[in-house]
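Below, in structure tokens: the form predicted alone, a single chain.
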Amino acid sequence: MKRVLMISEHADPSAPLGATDAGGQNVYVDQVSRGVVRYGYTVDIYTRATTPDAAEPIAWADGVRIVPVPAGPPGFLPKDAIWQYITEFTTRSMALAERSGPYDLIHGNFWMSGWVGTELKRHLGLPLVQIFHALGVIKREYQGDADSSPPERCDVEQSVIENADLIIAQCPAEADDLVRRYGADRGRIRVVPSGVDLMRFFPIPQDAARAALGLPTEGRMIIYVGRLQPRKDVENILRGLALLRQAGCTVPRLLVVGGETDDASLDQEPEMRRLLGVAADLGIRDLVTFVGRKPADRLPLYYSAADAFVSTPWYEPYGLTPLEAMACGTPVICSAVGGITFTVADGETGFLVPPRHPEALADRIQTLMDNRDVRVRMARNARRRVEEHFAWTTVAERTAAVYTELLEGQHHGTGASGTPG
């Protein structure tokens, strides 16, 4: 068995999903690590320890361990705050790797783990596979002054791109950004999309899903699932619903799943409070329900209970929740941004709309709510598309092929430090 040192400094696969900084990267690290075991790899996931007593590796799955790395104060830290402790994280990771090794390759996730990966690459003489999950120059372009990333981020990404032996991009648009914005060598980029666990996310009859959740079986309902962050722009959905009400249309209820607590506690959710205030100002407070964060095994019920899944971020590098909804046979309406333009087939599995355009969103919501045949067709197409292109089993197989290509010397490029690729 070949051994992979997977670095994911802030995204611990054991963290509850839907909380701050716990989303798609956590799922990716978890699923890819589990999946590549079938192809002759074992994986140690190095992630920042968040409890003072986290010292020993944790057996997470067959062939997969989580290795907590002490760095900075115990307890949760927003991911951008981890940068100031990244040298400590790197030093301790080196010591742990020397004790736990030998490893055969490094797989870095996100820009900070990429920085750690390049240091470990030089220290241990191992090849580096890197995936960014998001790119700093794109985030800065879309978020402007709201971008909380450390100022060094883009320069660090540039260095990681120059040093990595192979880079995984999650969609063709990301591959293009790597080449155009950073001058990456396209010959060292492999496009491997992230995916969905089809055994967990599957269609459930809508009446049964609503009954299991204690929801009314009658009436139209749309759902948002994800973190409550300004860039996710749940406000845009509220404004779209308000336009429908103003036009005298039948307006669906909106169920919002996600946040920092399991019970939608308003006193702990500033973005939730703000959004409820917006809903009240728009005259649609009666249509909006926040239910808090829910465990992954309950999410298929929520997706299946809805007539449509709606997510209109104005910045989204990839986005797993639209794929989860599609796997549950739920049509989607999403912003035409980032990787969503790759995963959602416009007019087939749902609709793509411009970000920050509530008028276009309202039009597409009305189209879906008023046309059962369209919903049925898109539901069928959505599940089929995920099965054909975005199963985690396929992602793991393609990722393992990237590993094998590197280790067997089929890739002839070199990273900046001279490690054969």
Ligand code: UDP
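The numbering used is simple: start at 1 and walk along the sequence shown. Source: prediction; values computed, not measured.
Same protein, other form: the form predicted together with uridine-5'-diphosphate, not shown, and the subject of what follows.
Heavy atom contact within 4.5 Å of uridine-5'-diphosphate in the predicted bound form, the stretch among 275 to 283, 92 to 100, 326 to 334, 225 to 233:
Answer to the contact question: 225 to 233.
Consider V27 of the chain shown here, and say whether it contacts uridine-5'-diphosphate in the predicted bound form, taking contact as heavy atoms within 4.5 Å.
Flag for V27 set to yes.
Taking heavy atoms and a 4.5 Å cut-off, does E316 contact uridine-5'-diphosphate in the predicted bound form?
Residue-level check for E316: yes, a contact with uridine-5'-diphosphate.
Would R293 count as a contact of uridine-5'-diphosphate in the predicted bound form, using a 4.5 angstroms cut-off between non-hydrogen atoms?
R293: contacts uridine-5'-diphosphate in the predicted bound form.
Since only the chain is shown here, I'm wondering whether I237 would be in contact with uridine-5'-diphosphate in the predicted bound form (any heavy atom pair within 4.5 Å).
No, no contact at 4.5 Å.
Counting any non-hydrogen atom inside 4.5 Å, which residue from G136, G114, G339, G258 sits next to uridine-5'-diphosphate in the predicted bound form?
That would be G258.
Heavy atom within 4.5 Å of uridine-5'-diphosphate in the predicted bound form: which of V160, L320, A305, V251 fits that? Just give me the one.
When uridine-5'-diphosphate is considered in the predicted bound form, the option within 4.5 Å is L320.
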